[in-house]
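Heads up, the chain below is alone and in the form predicted on its own; it's given as structure tokens.
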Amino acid sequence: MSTIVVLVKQVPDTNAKITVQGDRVDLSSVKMEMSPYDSFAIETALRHKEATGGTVTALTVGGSGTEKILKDAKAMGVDNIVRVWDDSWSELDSNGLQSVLKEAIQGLGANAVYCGKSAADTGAGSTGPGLAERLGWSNASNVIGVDFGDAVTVSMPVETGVAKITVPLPAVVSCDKGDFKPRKANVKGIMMAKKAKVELMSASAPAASVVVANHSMPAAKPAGKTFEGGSSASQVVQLLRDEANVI
């Protein structure tokens, strides 16, 4: 029997227009959703449970507004939904987040953790490997398929194709988009999710070692250049080499 935890994170809608107000990203009118790669982690965790038995708990770190994505995970089929938060926390850097997750996962008694390969808002990809390091567990990242047993055999892309590697449990596995589709919530799952109770856990977070000074939008791209006729060929080649750095 496996005690499985799947990590989920609330992020801005990937299609939303992001603006900066007062040196900070303004998310007041932006729709929030589950980070896309997390749905592949949920699907993989549920397949693990179906293969070996046990339970799947969806875990997030955040305020009460993040409970929606936990309900979404519940509708997909996870057994339990847990939120970790303390109102004294303002922002958690990666060190603080991974420390909080480690404490929560140990409290839940997990022996397998799945997460998305990276979050859509930061794209750092550090949570899975960093958490495994803190737990002293095995780790595999960018996984596109998993076979389950006493250990897990993961498939991951490498330069020469796809490698299959056996990873002993306990382990943290970061999931990429695989050759499967995450299951959709059915009506029964959605109704059960609405009634589901979110368990609130506490944890200790170290003082932040990274402080965000400000946010700013990237510089606007310069206007394109248009050339006509064969006489411009040498100039185009020069610009491709000296400005675009493509040749």
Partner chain sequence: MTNKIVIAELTKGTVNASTAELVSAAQAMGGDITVVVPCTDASMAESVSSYDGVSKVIAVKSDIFSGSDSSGWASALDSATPSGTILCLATARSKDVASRLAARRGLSIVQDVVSIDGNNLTSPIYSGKANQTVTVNSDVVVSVRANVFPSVGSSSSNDVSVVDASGDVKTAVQEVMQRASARLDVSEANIIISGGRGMGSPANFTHLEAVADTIGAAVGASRAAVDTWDEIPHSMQVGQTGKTVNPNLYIAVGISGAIQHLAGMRSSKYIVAINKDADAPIFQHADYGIVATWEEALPAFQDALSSLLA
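Residue numbers count along the first chain shown, from 1. Please read all numbers here as calculations on a predicted model, not as lab measurements. Note that the rigid core is defined as the largest set of C-alphas that superpose within 1.5 Å between two forms.
Here the subject shifts to the form predicted in complex with the partner chain, a form of this protein not shown in this document.
Using a 4.5 Å heavy atom cut-off, which residue among G54, G189, P36, P182 comes into contact with the partner chain in the predicted complex?
The residue in contact is P36.
Looking in the predicted complex, any heavy atom of G230 within 4.5 Å of the partner chain?
So G230 counts as contacting the partner chain.
Would R83 sit within 4.5 Å of the partner chain in the predicted complex, counting heavy atoms only?
Outside the cut-off, so no.
Would V167 count as touching the partner chain in the predicted complex under a 4.5 Å heavy atom rule?
Output for V167 is yes: heavy atoms within 4.5 Å of the partner chain.
Applying a 4.5 Å heavy atom distance criterion, does K117 contact the partner chain in the predicted complex?
It does: once the partner chain is placed as it appears in the predicted complex, K117 has a heavy atom within 4.5 Å of it.
Output the sequence-ordered list of residues from 75-113 with at least one heavy atom within 4.5 Å of the partner chain in the predicted complex.
Heavy-atom contacts to the partner chain in the predicted complex: D93, S94, N95, Q98.
Following rigid core alignment, is the displacement of the V237 C-alpha between this form and the one not shown equal to or greater than 2 angstroms?
Yes.
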